[in-house]
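Here you get one chain, nothing else, as structure tokens; it is the form predicted on its own.
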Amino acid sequence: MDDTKLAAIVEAVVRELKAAGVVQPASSSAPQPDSVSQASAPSSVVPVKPRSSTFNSDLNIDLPDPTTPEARLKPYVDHPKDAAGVRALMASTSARIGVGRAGPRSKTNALLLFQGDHAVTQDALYRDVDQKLLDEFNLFTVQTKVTGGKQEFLLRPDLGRLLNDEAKRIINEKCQKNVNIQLVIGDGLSAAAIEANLRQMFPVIKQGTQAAGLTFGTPFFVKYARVGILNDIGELIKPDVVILLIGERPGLGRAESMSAYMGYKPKYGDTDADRDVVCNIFENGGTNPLEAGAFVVQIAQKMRKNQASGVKLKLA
């Protein structure tokens, strides 16, 4: 295709855009680019505004924050038959209902809320528990057999159930043996859950254990921990009951939920059937961490009395 035909096509397209009001006519005084010859240039040129090299400090984003409680409970269904019913239904559950649609797709508000809540989940999964919190409770840190960071931890749950050799050595040196209650904290799948609940729950468990006349072992923190780490700990220091506070798998926008897994004299080969758990521990909607701490101590006493946990405790 020669330059004449190409120029004719460009001119025809520009003429249609002008007719549709998409493109404004160029000013006769607008300078022409030096690189385009008069022979090949179309008679009408779309004006191009040069990009500014400076940041526009007056930028205004007119979209409201979709993560506020008001925005979460606002229905986006177009012309609902029962508007009050939609609001009541949305207030009764955390499920994503009443979000409406834009054609076959989600509306912008619903999409932004989903992306924001997903970011909360990713943050909980990939960051570490604040060292200041561990220092606050004098918790020393040991690690499982995970060596490849968070990515390996997520892909290899089997490695998160086993202490590495250095961890076994440190625990043997620092922990009392054959105590009644051994408290362990593990990051699990949510660092945010430990940070949100440990300050409330730790003192309740410790004081409740001591008030019951039971011995309280040396607590510590396990990095890259899975629930099965109970078995290794039980074999090492032989406590009556091991309590593991661990971050639960986060949901969209819910990262502070923690669980307390417990086992009576855990040992190699034990499974979830040999354990008890108090789950969904968090404030404002879950099991309150203060109440959960007291409940955990009661279960530990019941375990020692019946010398069993899990299914065996239920049958005792």
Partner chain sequence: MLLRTKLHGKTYEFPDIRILMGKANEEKSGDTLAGVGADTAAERVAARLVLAEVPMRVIRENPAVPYDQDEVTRVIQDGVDESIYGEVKDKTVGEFREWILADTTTPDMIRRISGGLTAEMIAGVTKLMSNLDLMFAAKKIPVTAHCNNTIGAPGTLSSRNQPNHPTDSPEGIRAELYEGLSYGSGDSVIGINPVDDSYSSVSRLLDMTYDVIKTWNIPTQNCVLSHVTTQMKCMESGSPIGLVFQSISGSQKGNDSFGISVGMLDEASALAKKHCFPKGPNFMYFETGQGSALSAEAHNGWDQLTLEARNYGLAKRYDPFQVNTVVGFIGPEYLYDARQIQRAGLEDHFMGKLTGIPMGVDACYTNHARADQNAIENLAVMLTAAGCNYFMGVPMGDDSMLSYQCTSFHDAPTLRQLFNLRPAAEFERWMEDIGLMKNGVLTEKAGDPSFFLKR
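Between two forms, the rigid core is the largest collection of C-alphas that superpose within 1.5 Å. Numbering follows the first chain given and starts at 1. Predicted, not measured: the structure shown is a model, and the values here were computed from it.
Beyond the structure shown, there is the form predicted in complex with its partner chain, which is absent from this document and is the topic of what follows.
**Report entry** in the model of the complex, the one of P203, G213, G85, G149 near its partner chain [non-hydrogen atom within 4.5 angstroms]
**Finding:** Contact check passes for G85.
**Report entry** Contact residue in the model of the complex, from I237, L133, L89, A71 (heavy atom within 4.5 Å of its partner chain)
**Finding:** Only one option qualifies, and that one is L89.
Query - Location of its partner chain contact in the model of the complex, chosen stretch of 167-175, 237-245, 141-149, 123-131 [non-hydrogen atom, 4.5 Å] - result: Among the candidates, contact is made by 123-131.
Query raised in the report: Applying a 4.5 Å heavy atom distance criterion, does A196 contact its partner chain in the model of the complex?
Result: So A196 does not count as contacting its partner chain.
Requested in this report: May I ask you to check whether V179 falls inside a 4.5 Å heavy atom distance of its partner chain in the model of the complex?
Outcome: Contact with its partner chain, no.
**Report entry** Contact flag, V227 vs its partner chain in the model of the complex, heavy atom cut 4.5 Å
**Finding:** Close contact is absent here: in the model of the complex, V227 is far from its partner chain, nothing within 4.5 Å, heavy atoms only.
Query raised in the report: So in the model of the complex, does any heavy atom of G100 sit within 4.5 Å of its partner chain?
Result: Output for G100 is yes: heavy atoms within 4.5 Å of its partner chain.
Requested in this report: Between 148-170 and its partner chain in the model of the complex, list the residues on our side with a heavy atom within 4.5 Å.
Outcome: Q151, L154, L155, R156, P157, D158, R161, in sequence order.
**Report entry** Core-superposed C-alpha of G98 shifting 2 Å or more between the shown form and the other one
**Finding:** Yes, because once the rigid core is superposed, the C-alpha of G98 moves 2 Å or more between the shown form and the other one.
Report task. Note yes or no: does the Cα of L163 move by 2 Å or more between the shown form and the other one after the core is superposed? Result -> Moves: no, less than 2 Å.
Report task. Taking the rigid core as the superposition reference, indicate whether the CA of L189 shifts 2 angstroms or more between the shown form and the other one. Result -> Where the cores coincide, L189 shows only a C-alpha shift between the shown form and the other one that is less than 2 Å.
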